[in-house]
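Take a look at this one chain, the form predicted alone, written out in structure tokens.
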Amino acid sequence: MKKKVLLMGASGSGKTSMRSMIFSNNPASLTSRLGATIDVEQNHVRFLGDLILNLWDCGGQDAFMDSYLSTQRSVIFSHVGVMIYVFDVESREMEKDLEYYRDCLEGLSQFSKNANVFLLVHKVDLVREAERNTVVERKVEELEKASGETPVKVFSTSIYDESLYKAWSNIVNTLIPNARNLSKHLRIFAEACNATEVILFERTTFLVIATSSHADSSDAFPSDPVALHALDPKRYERTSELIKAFKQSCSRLREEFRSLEMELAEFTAVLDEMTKNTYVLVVVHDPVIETAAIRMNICMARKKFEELQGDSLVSEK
């Protein structure tokens, strides 16, 4: 099953850098070596085994954008599942950027009416921290106005913090069939483990696929008084970022990353394989529960989650 993803925006806005970090596991320090994308660079990224993201990284130079919107229009905008449009937060040609963006929305409405649209206000690390929230709020308002009646989701991002993982986790989640059913079964699994929270990650990218928290609450505090701890709303993305960094360290030492256990004063956490395409992180605050019990529960749940993942992919084919 293939899902077409358009990655668009002005040249130098940071599209290729973020793609290399998310899907090629390159650190932010190496992205400066990447050159500008010429025309369209297609990559087929295997995600969750049978789900393949057909990623179209579209060069943002004016000549290429004009071509996408004229002679290549039907090729570029047909069969699109998601369009991600990247805006440089410090762009000095915002009017031109918005004009191209609106033209791309027209192309989507003509050939892919049901495509989801995500807008990334990128390189926010370049804005002084004291002014960052104000600048981002102004950009979000500007982009929502430019989008007209098209539903959009806007994220502020930087390659130097967890914001990039948050945005891409949300984007990829819209392409995963039956993601809500996965979350439902994660909640059942969390209750069986007496866990504060359970998070399911895609194996290669470590993007968040589903969590045991309810979708309508980003902070999602458990109702159990014992587990009412101050859960950081950025915890998913920070965890993704830290685990990927740890995996890269293992690779440099020519060691294979398989699992991770943490037993701290306040909580216990176990990260282990759930299926051939996913990892699961189980966080428990009950000091009585031992890591061996958590691992046993993960082992017992594997078959069910393999079935859930397989069923959701087959249903979309």
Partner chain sequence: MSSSPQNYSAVANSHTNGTIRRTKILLLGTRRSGKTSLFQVLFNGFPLKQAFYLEPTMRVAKHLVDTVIPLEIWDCPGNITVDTLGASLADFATIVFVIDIRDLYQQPVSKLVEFIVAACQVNPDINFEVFVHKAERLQEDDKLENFRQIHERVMDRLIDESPEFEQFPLNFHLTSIYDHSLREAFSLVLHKLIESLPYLEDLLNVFCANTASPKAFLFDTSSKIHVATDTSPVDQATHNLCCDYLSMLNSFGPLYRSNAINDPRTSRDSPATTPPPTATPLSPASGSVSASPGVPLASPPKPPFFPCAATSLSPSHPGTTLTYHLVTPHLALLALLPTTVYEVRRGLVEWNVVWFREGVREIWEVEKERSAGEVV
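Just so it is clear, the model here is predicted, and its values are computed rather than measured. Positions refer to the first chain, counted from 1.
The same protein also exists as the form predicted in complex with its partner chain; that form is not shown, yet it is the one meant from here on.
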Exercise. Can all three of S91, K139 and L143 be found with a heavy atom no more than 4.5 Å from its partner chain in the predicted complex?
Worked result: no
Problem set entry | its partner chain contact in the predicted complex: M274, any heavy atom under 4.5 Å | no
Exercise. Is F246 close enough to touch its partner chain in the predicted complex, meaning at least one heavy atom pair within 4.5 Å?
Worked result: yes
Problem set entry | Contact flag, I199 vs its partner chain in the predicted complex, heavy atom cut 4.5 Å | yes
Exercise. Though only this chain appears here, would R254 touch its partner chain in the predicted complex if you measure heavy atom gaps against 4.5 Å?
Worked result: yes
Seminar exercise, completed: Counting only non-hydrogen atoms, the one stretch of 91 to 99, 179 to 187, 144 to 152, 232 to 240 within 4.5 angstroms of its partner chain in the predicted complex is 232 to 240
Exercise. In the predicted complex, which of the listed residues (D50, E41, D66, D286) lies with a heavy atom within 4.5 Å of its partner chain?
Worked result: D286
Exercise. Going through 54 to 72 from first to last, which residues have a non-hydrogen atom within 4.5 Å of its partner chain in the predicted complex?
Worked result: none
